[in-house]
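Below you will find one chain, with nothing else, as structure tokens; this is the form predicted on its own, and questions on how it binds or moves follow later.
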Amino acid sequence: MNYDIKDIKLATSGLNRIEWAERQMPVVTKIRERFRREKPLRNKRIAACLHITSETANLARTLSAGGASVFLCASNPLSTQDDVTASLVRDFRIPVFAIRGVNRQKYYQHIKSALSCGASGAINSPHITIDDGADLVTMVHSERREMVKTIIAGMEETTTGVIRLRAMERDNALLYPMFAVNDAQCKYLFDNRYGTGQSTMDGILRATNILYAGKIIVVCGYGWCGRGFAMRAKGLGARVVITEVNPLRALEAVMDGFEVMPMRKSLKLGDVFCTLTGNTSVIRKEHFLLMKNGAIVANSGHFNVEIDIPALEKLSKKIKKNIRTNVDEYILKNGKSIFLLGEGRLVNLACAEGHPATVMDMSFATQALTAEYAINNVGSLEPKVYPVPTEIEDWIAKLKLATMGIKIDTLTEKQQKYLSSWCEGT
């Protein structure tokens, strides 16, 4: 088996983490049991570019149980859990190409290896691609266009990735069907809001050990990820400031009880700044110059471009790496210090463990069932961006409630008739 990981000897620790996460992922476990019986993904190759965590391992196991050959690479250089990769290779025979902390060249080499389905000196095209940031789909369209004739469909689970895909669809550049898993309610309402909210808070705490109570936390972006983090920071006693460019989201933030102001006004106030937008250069040169001494800067959007790190480097007379684990101090020429967490990469994964398994259970259940749906509908899908089918979302939500021991009401026949009719008025 062709793979590239840090150390196979870490596998026992990784297996413990995978099994711990599995206990919190009952929906994915149920799907795996059915997949093992029915083999709906038989003889299909799946290339997946995801954060290689214990939760992702349970998705890979589920796809493999369904009969697929799964090939994994990391969607972020600092999100890989090296013991998990070792267990996937040793215990589950799933090829992984991911090592935490690799350079850019190695990172893209790993992406190419997963996309070639582990083939050495040759290229095997996948039938399904699963992305977290659109790296696979981008590489297919830019360097591996010959793979398109084999690929049935792909899935994308980040806001950033879906933005890219919709731009490709508008430009008639998209060459195969993609499902916007990020836009599924079972994903963004829970993964983005509660998962990102809690894990971002966790990453900043682990890196800095600051007290949130009394701090001014500036949340850049009030999408579902931003509002999740804002909610958690407020719950710990922080004074939360929101910066936005979207008037509706800004209005929501105001009515949710947060202070809203332009970035420039927040700079002299903020103790901690965290970007969660999916856009580039959210914090840039002119912002660093106005921040107060000791400001902490972090990113929880997908790519590190949200913070203009090259500009920060140029403004600095000295850079002190790892003054704490995952904390770099940039001493500016004006004498102020700015602290950057996790090299500007995803703070929840670079400095913590990512989303809790309970919310990833729904996200990865959505991925697994959407892969099955794509295979079952091969030939009927056009090269455009599709939503996740409603029946998949409903099934996951019902099963998740059932695994939590929660029951809900159902509509009576009279209520169903009322809702489906336009004849009955007041």
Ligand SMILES: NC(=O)c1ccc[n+]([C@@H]2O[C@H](COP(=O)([O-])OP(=O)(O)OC[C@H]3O[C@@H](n4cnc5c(N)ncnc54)[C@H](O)[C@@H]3O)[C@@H](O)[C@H]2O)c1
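Quick note: we count residues from 1 along the sequence shown, nothing fancier. From a predicted model like this one, the values you see are computed outputs, not experimental measurements.
Missing here is the form predicted together with this ligand; even so, the following discussion is about that form.
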**Request:** With this ligand left out of view, choose which of Gln81, Ser75, Ser87, Asn348 has a non-hydrogen atom within 4.5 angstroms of it in the predicted complex.
**Result:** Asn348
**Request:** Select from the listed residues Val140, Leu267, Val282, Ala153 the one whose heavy atoms reach within 4.5 Å of this ligand in the predicted complex.
**Result:** Val282
**Item:** Residue contact check: Gly344 to this ligand in the predicted complex, 4.5 Å heavy atom
**Value:** no
**Message:** Using a 4.5 angstroms cut-off on non-hydrogen atoms, would Gly203 count as touching this ligand in the predicted complex?
**Reply:** no
**Message:** If we define contact as a non-hydrogen atom of the residue within 4.5 angstroms of the partner, is Phe190 a contact of this ligand in the predicted complex?
**Reply:** no
**Prompt:** So in the predicted complex, does Trp224 come within 4.5 Å of this ligand, heavy atom to heavy atom?
**Reply:** yes
**Listed range touching this ligand, judged in the predicted complex by heavy atoms within 4.5 Å, from 91-99, 271-279, 109-117, 67-75** = 271-279
**Item:** Contact set, 279-313 vs this ligand in the predicted complex - heavy atom within 4.5 angstroms
**Value:** Asn279, Val282, Ser300, Gly301, His302, Glu306
